[in-house]
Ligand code: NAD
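Presented as structure tokens, the chain that follows is alone, the form predicted on its own.
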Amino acid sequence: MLKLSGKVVFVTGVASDIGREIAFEFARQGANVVIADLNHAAAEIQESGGRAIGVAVDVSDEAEVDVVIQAAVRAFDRIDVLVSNAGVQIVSPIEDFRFSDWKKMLAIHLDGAFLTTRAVMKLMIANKTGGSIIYMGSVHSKESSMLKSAYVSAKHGLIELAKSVAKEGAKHNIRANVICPGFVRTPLVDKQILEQARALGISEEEVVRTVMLKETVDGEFTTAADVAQVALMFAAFPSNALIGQSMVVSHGWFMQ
């Protein structure tokens, strides 16, 4: 991972456990980290000797995205890696799913991924530096689930966005790939457990055992650290041999 030392990494959604772990892992590898979220992670990285700045942004707002990308450039001159991790979850039967919630889900997951990608690609192409774009998909980028119509649609869309970015970006040495984690025990997942228990009329323990972890090989949750290691691998990979791919990290929840 020495190849990441001194690189500039722009990470969205750092308020989540996954985004936070990714940001800190890149910092531990010597990267300069731009944290796009409202939290104290940048200060914590600085206190531990790393280089980081924090910027507040609504990733679904075109103007805000362009402003924070420029802030990153002023701080570090370039961006080498984008980790598009911002996301939310709303669980509901389709017949009760509010259109406003559907639009919110797609705006954060897909609009946010597109807007940050476009801004970063412009910069990488203009500077002729190339780079790596990493999207946070899900096992739901591969498989559907009950009560998650918008989430599944958005996460499937990220795989096709990555393929398009890979095809267009390759000539500029820009790679795009997707990480597809299984269930990671985060506050977001804890909220899902409660919501699914109510919607399905079963206990929270049954949701974990029979819905979330039933298809794993060992009954274990994926960890944020597992996901961060895959992000490092995608970012540091030395060639276009690994491009336009989606890697599932799920304890066997989904096998390709």
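Heads up: residue numbers just count along the shown sequence, starting at 1. Since the structure is predicted, the reported quantities are computational estimates derived from the model, not experimental observations.
The same protein has a further form, the form predicted together with this ligand, not shown here; the description that follows concerns it.
When you look in the model of the complex, the only residue of Leu123, Ile159, Val91, Val184 with a non-hydrogen atom within 4.5 Å of this ligand is Val184. From the list 169-177, 124-132, 92-100, 79-87, the contact stretch for this ligand in the model of the complex under a 4.5 Å heavy atom rule is 79-87. Although the partner is absent from this view, Ser246 stays clear of this ligand in the model of the complex, with no non-hydrogen atom inside 4.5 angstroms.
Although the partner is absent from this view, Met136 contacts this ligand in the model of the complex, with a non-hydrogen atom inside 4.5 angstroms. Mapping the unseen interface onto this chain, Ala15 counts among the residues with a heavy atom inside 4.5 Å of this ligand in the model of the complex.
Although the partner is absent from this view, Ala42 stays clear of this ligand in the model of the complex, with no non-hydrogen atom inside 4.5 angstroms. If you take 89-113 and check each residue for a heavy atom within 4.5 Å of this ligand in the model of the complex, you get Ile108, His109, in sequence order.
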